[in-house]
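One chain comes next, on its own, written as structure tokens: the form predicted alone.
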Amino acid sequence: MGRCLQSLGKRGIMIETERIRFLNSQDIKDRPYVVYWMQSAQRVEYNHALIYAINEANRLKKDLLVYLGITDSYPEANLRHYRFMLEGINEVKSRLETLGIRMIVCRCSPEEGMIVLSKKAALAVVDMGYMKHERAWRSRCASLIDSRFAQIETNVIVPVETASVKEEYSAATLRRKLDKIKDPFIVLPEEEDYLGAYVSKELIPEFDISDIDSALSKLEIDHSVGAVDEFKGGTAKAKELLDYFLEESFLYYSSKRNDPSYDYCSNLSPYLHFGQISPIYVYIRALNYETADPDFSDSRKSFLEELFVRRELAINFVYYNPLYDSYECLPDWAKKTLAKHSADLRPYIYSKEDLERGLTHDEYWNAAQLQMVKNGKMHGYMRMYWGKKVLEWRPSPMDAYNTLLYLNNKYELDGRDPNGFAGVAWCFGKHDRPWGERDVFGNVRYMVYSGLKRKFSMEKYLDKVK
């Protein structure tokens, strides 16, 4: 496949045309400014949507306004998620100020603020979202905005519809498609200086986020899940974590990333979730990282598989499967085998409340649950074990599925996310194949306590969590 690019602006900045979609058929209007609705890509660096908006503003000789809407009712979000997000947005707002670009943060349903601001916009721009509520927001704007409305896809390496026109069965089927077309997309967009003026007019009531504690106290959100000390939001922190990972952990990623007693993961998933760092930037940094160790290629391959294939498989899943947030999203073979074994005797049954508090007989599972509750992130391998055990300990597969979604979305900083929905579904057979039949699980893959104890130094993991 040849590299298909659209040249933007006088310096020849290029964005792949596959990333650009016009959501309505309106023309560009002769109005004062271009407005970019920053929602899923909360960063300044390597943000195709922001770059597109800057270039169009320069080309049209218009000013540029960046807008972000904060709603009190974002699905399943709580204080933990809002604090992390606001830390990142404050960084974005400050960085845009240095570039001479005004950012307006509004406390409203995000699409409502965009509809108001677009009434004086020559051109409206938005980044792409994949989940149902994100797409509904953009669809409503498309029906009401009377100037051109451009959507730019920036939070994936290969645009979702370019990668595949349907839901993929597994990582293997998507990987084959990505391998054929990925190279033209593994390039960072060139950035251009903004040439317009700073928009100083009062256009819409603003929400002051300069004091994050004060802003959070005003939001009518769930305050029961506190912020975490281990993760601070923002691109600067994401890049700091990436630097640490490359220098200290990357070499051992292939051999030790699954061992819960170590921490050789990148810990970038919360930042990718909020769009605070570009996946293309991370991919290129990992791809170009040099080491003299001859065994390093395995670690590079494993990390890029997780960052690229597995992450974009999850995005493919939520984009093409409207049932991604329910038990009904599972493949037929999984639903059939789980139904066959739904009446099997469970060795233990735990209430949702006991699971939430980590009060089971399994100290490894309890540690994983408490790690998530306290830190906002669970070790990746333990997340698989954690999910499999809930399937075994709730009265029915559907009940287990709903319990896992509840816990994951409530406590994980990267919950409420394509990766989170795909990860829960994987525990029930999604993107997997049938295995040997056994009680409760049927042909769905299972994991056991003795396997963890045999493979890893689990006492070290318990000490680490404590």
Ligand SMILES: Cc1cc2nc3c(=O)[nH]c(=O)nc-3n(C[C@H](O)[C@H](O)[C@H](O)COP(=O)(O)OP(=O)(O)OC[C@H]3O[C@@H](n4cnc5c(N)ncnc54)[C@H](O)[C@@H]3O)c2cc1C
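Quantities reported herein were computed from a predicted structural model and do not represent experimental measurements. Numbering starts at 1 and follows the sequence shown.
We do not show the form predicted together with the ligand, though everything after this point is about it.
Taken together, 49, 159 and 182 are entirely out of contact with the ligand in the predicted complex: none brings a heavy atom within 4.5 Å.
Checked against the ligand in the predicted complex, the residues 117, 272, 150, 286 give one hit for a heavy atom within 4.5 Å, which is 272. The single contact residue among 335, 300, 239, 310, judged by any heavy atom lying within 4.5 Å of the ligand in the predicted complex, is 310.
The ligand is not shown here, but in the predicted complex it comes within 4.5 Å of a heavy atom of residue 408. Proximity of residue 377 to the ligand in the predicted complex falls within the 4.5 Å heavy atom cutoff. Contact check for residue 306: a non-hydrogen atom falls within 4.5 Å of the ligand in the predicted complex. Proximity of residue 402 to the ligand in the predicted complex falls outside the 4.5 Å heavy atom cutoff. Contact with the ligand in the predicted complex, judged as any non-hydrogen atom within 4.5 angstroms, is confined among 65-73, 420-428, 25-33, 38-46 to 420-428. Residues of 168-198 include none with a non-hydrogen atom no more than 4.5 angstroms from the ligand in the predicted complex.
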